[in-house]
Structures are given as structure tokens and as C-alpha cells.
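There is one chain below, alone, in C-alpha cells, taken in the form predicted on its own.
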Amino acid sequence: MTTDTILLTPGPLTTSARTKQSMLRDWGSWDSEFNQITARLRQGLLRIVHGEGTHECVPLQGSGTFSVEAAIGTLVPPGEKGGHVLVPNNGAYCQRIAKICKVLGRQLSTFDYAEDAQIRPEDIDRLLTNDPSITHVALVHCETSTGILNPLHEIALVVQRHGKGLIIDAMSSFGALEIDARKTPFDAVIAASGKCLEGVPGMGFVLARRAALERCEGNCHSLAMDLYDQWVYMNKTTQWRFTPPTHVVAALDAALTQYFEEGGLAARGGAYARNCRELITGLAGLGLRSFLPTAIQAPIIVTFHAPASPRYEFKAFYNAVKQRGYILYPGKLTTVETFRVGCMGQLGARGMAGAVEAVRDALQDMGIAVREPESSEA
């Protein structure tokens, strides 16, 4: 590892030296060796969800949101063809999916929750019963704005029972939290290179159920975002339709090789869970409370209440922690002032303990007392 600043964010995140080194070579986008990398990646990503026989991996240039938009635009028919999306909403990334549906002209229904409340399968059951015109449910697995974990498997079974399609935004969970296509039915899982797989940002991907994807020709609003067209072309030629992010693809290939060498999902998820516990315990010792109860906290990113001090100001706090080698993330809640700390990525020799020390020292330099809280409940 280098001595670069460590990113405690939900992506981009700090990558390994081996992943960085994989980007030192230039690739021809039509070269057979590069096409082999793409094929290997597509198979490896399907392997994570045990979807090799039933699903297809369709990679796409751009950030994860590009792939979310592509999935909605491809898998959900336009309104005149009867497409109708239900978006249960308990955070900013649920709201982003709803905005995508509006921009694309897809019929939309939403159901709102508090920012610290899980989406409830029984609500989805009731909503689908009351409105049979709904064709798809778009669910955020781990809502990155708070770190809340929604009950994916239980919701998936409800959606299947109603004969609807499930589109899963798994940006902050894929590769660390279990999603098993053999047990959990879904039409699509969407994720990106720069999250739990610990690649660099610049490529998203959709793992789509083959039977659902086969029905999607002509649905998409966009040539560049058309997953059906991308899938057909890749299968026919082994190439990307348009210039791929070659260095990003090579980096994800290297990161995915390390992922499997290190033990795959169980190892990655276990490491993040340890980071999360150490973070919450360490900051609780400084008097900082996490926003969510432990039972619904995903081990990916943790939202903390800001210190109750007139001396606190996020930008100053951010800069003070950055001077100590760590990059934090601002809060995204609408009701209370918070900041967020990611549990992903290569945290270096000091690990999460180093991050806790950096927060402690930064607060002390700002003249904010650090102490044992009255209650250490998460």
C-alpha cells in the first residue's frame, strides 16, 4: 500500500496496489486479449450471485447510476406498453430511482418511509394487491444515504408471488452481502466497479434474468443505454458496442481475481462487518452516536449524528480528518445533521482504529470534548 489518503466513503474507495498496477497497461478495445478480460469479468460477476445458468451480465460504461437508468429503461416497458414501477422510498437513492422513472416517462408509484425505517414486505404485498397494474418493483438493497439494510429476500418472494419483476439497486451491497439467484428471485441486480468489489469507478453492470432480458427489444429510450442491444452485440462479437473504459475494466478484473483469492463474499462481507463494529464501538467511545439501530445497519457505510457542539462545522471537521490521512463523507439526511463513514476498501496497516484516532484528534483540535457517552446503544 502507498501512503495515499484513505477513502472512508461508499465509493470510490481505496484500492490495493495490485489493482492500481493493473491500470499501467494500455489496451486496444477490440483486441482479443481485452475481449477475454470482458468475458472473464462477466462470468465472475454472475458467479457471485450463482446466476451462471439463468442470468446474463451486461456491463455498461459510466457510474452506477448509468446502469440503474439503463435497467429501468430497458426492463420496464414504456407507459404505452403497460410498464409501471413501484419504488418503496426510504432514502436518497430510492428517490433517485423515482426521478429516473419520471424522466424516462415510466409510470411510477412510490411509498414513503422514514429515513431510519426498513421497507416492509407486508407493505409491498398490500400495494401490489391494491394496484395490479404495477409490473415492476425497484428496490434499493442497502440505502447508502443512511446505511440501512432492506429485507431483500423477503421482499423478492412477495414480488414473485404477485408475478411482478424485481429490479435491485445493489450498489452498496453487491459482493459483500448475499444475493443468491438460486434462492432470491429477481429480474435484475445492478452494481458498479468502484464499490464492494474494490475496483475503480467508471463501469456499472446489470445481472439480468435471461428470460426477462429476451423480452426487452425496443423498450429502451436510448441507444447508449439499451442493455438488450449491448447484450446481443456482446454475445455476437465479444466486444463492447462503444469505446469501453479499458483501464477500469482491467482494474475490475484484477480486483475480482483478488476477491475470489481472498475468499469471496464471505471474506469480504466479514471484513466489512469487523470494520463496522470497530468503527461504531470506537466512535461511541468518543460520544458519537450512530443514526441507525444495529439490527438494520448494513456493514457498508455508517451515518453518525454530528457532535452536539457549537464548535462543530462539517467542512472544518472534514479537513481536520483529511490532514490525518482519511476522507469522510457528508451526511445526506434531511432532518438531522450527520456525517458518514465507509467501512469498505483497503484501510491500510492501521485499519479502522486509525480512522477512529483521526476523528478523535480532529475533534480535540476543534475544541470539541470527546468522552464516553451516557449510552453506547447503536
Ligand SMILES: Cc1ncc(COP(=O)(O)O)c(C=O)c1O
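Note that the coordinates shown come from a computational prediction; the quantities given were computed from them, not determined experimentally. Start at 1 with the first residue shown and count on from there.
From this point on, the text means the form predicted in complex with this ligand, which you will not see here.
Trainee: Under a 4.5 angstroms heavy atom criterion, identify the one residue in 196, 142, 252, 276 near this ligand in the predicted complex.
Mentor: Contact with this ligand in the predicted complex is made by 142 alone.
Trainee: Pick from 323, 29, 309, 63: which has a non-hydrogen atom within 4.5 Å of this ligand in the predicted complex?
Mentor: Selected option: 63.
Trainee: Mark residue 240 yes when one of its heavy atoms lies within 4.5 Å of a heavy atom of this ligand in the predicted complex, and no otherwise.
Mentor: Although this ligand is absent here, residue 240 would stay clear of it in the predicted complex, with no heavy atoms inside 4.5 Å.
Trainee: Could you tell me if residue 169 has a non-hydrogen atom within 4.5 Å of this ligand in the predicted complex?
Mentor: Output for residue 169 is yes: heavy atoms within 4.5 Å of this ligand.
Trainee: Residue-level contact is defined here as any heavy atom of the residue lying within 4.5 Å of this ligand in the predicted complex; does residue 231 satisfy this criterion?
Mentor: Residue 231 lies outside the contact set for this ligand.
Trainee: Does any heavy atom of residue 304 come within 4.5 Å of a heavy atom of this ligand in the predicted complex?
Mentor: No, no contact at 4.5 Å.
Trainee: Counting only heavy atoms and a 4.5 Å cutoff, which of 220-228, 112-120, 149-157, 91-99 contacts this ligand in the predicted complex?
Mentor: Careful reading of the contacts points to 91-99.
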